[in-house]
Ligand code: ATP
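Taking the form predicted on its own, here's one chain by itself in structure tokens.
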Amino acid sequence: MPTITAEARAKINLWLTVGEKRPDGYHDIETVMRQVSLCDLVSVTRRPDHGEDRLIEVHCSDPGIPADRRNIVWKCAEAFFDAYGIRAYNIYIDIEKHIPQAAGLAGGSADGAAALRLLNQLFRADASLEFLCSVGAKVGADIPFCLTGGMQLCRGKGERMTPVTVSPSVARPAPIDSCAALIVKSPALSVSTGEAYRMLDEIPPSPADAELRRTGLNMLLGELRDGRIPRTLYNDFERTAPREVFPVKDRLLSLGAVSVLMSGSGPSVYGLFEGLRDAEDARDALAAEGVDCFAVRLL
């Protein structure tokens, strides 16, 4: 029984603004996402079928995550088989979790994307990245990014992506090439993405937020293309964030972070540091205070 494994990498949002709700239930967004080295491990085993089997079994090392049809990996597997007209299958999917759940880090979407890549290999479907993204987008808005990786400006519900790269004229290594992030998530907090969007619909941006929404994205993209560690970070969801988020941001700044932001719908907060050693030193300081966090490379 062949088994193959892939890393499922988390993401952080450097920018995230939320527009109107769409007829399909999603919201139009504008976001810059970047993958980081924090990852789950997803393994898929293709077991013998008998020509009529349609069996999916999911196991997760985190008992708090459902291992049935509610799991995004299960949904991605069913979407893959439907897209290819595969009528017989018997697979076992194992998820070794390291990315905190309900944290704004796309842990579930990353797992789903990894499952799609592995199923494409195991069933020799030879699907293009574009096709896998179209399958994944039916399951979750972040899955196309998790399949593509890197740093992308994402629009629509997140599926329309444009790569963001450092200008070739910038001398290397650019500061952003050695930039690292320290991610903190309070284990006592979790945020439902659906509830976060509902709350955001009810709270208009302040005049200061509205001005930054209007001008800030171009400033951020300029910083990134110039190879600088970005300072122009913004996330609409901070308008509805739990109050516990903001002391974490202040603490990261006090430990030397260049800039800080909540990722996704939260409640994870990250700080950008000039290098991995700086991020690890800050991690050790927080660990001494009883705070769990992850020092990660930007990919």
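Not measured: the values here are computed from a predicted model. We number the residues from 1 along the sequence you see.
The same protein also has a form predicted together with adenosine-5'-triphosphate, omitted here; what follows describes it.
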*Should Gln101 be classed as touching adenosine-5'-triphosphate in the predicted complex when contacts are defined as heavy atoms within 4.5 Å?*
yes
*Are any of the heavy atoms in Arg117 no more than 4.5 Å from a heavy atom of adenosine-5'-triphosphate in the predicted complex?*
no
*Counting only non-hydrogen atoms and a 4.5 angstroms cut-off, does Val32 reach adenosine-5'-triphosphate in the predicted complex?*
no
*Evaluate Gly108 for contact with adenosine-5'-triphosphate in the predicted complex, applying a 4.5 angstroms cut-off between non-hydrogen atoms, and reply yes or no.*
yes
*asked:* If the cut-off is 4.5 angstroms on heavy atoms, which of these, Val184, Cys154, Ile95, Val135, is the one near adenosine-5'-triphosphate in the predicted complex?
replied: Ile95
_Region of this chain that lies against adenosine-5'-triphosphate in the predicted complex, out of 47-55, 62-70, 251-259, 226-234 [heavy atom, 4.5 Å]_ = 62-70
_Need the contact residues for 242-276: heavy atom within 4.5 Å of adenosine-5'-triphosphate in the predicted complex, sequence order, or none if there are none._
Ser265
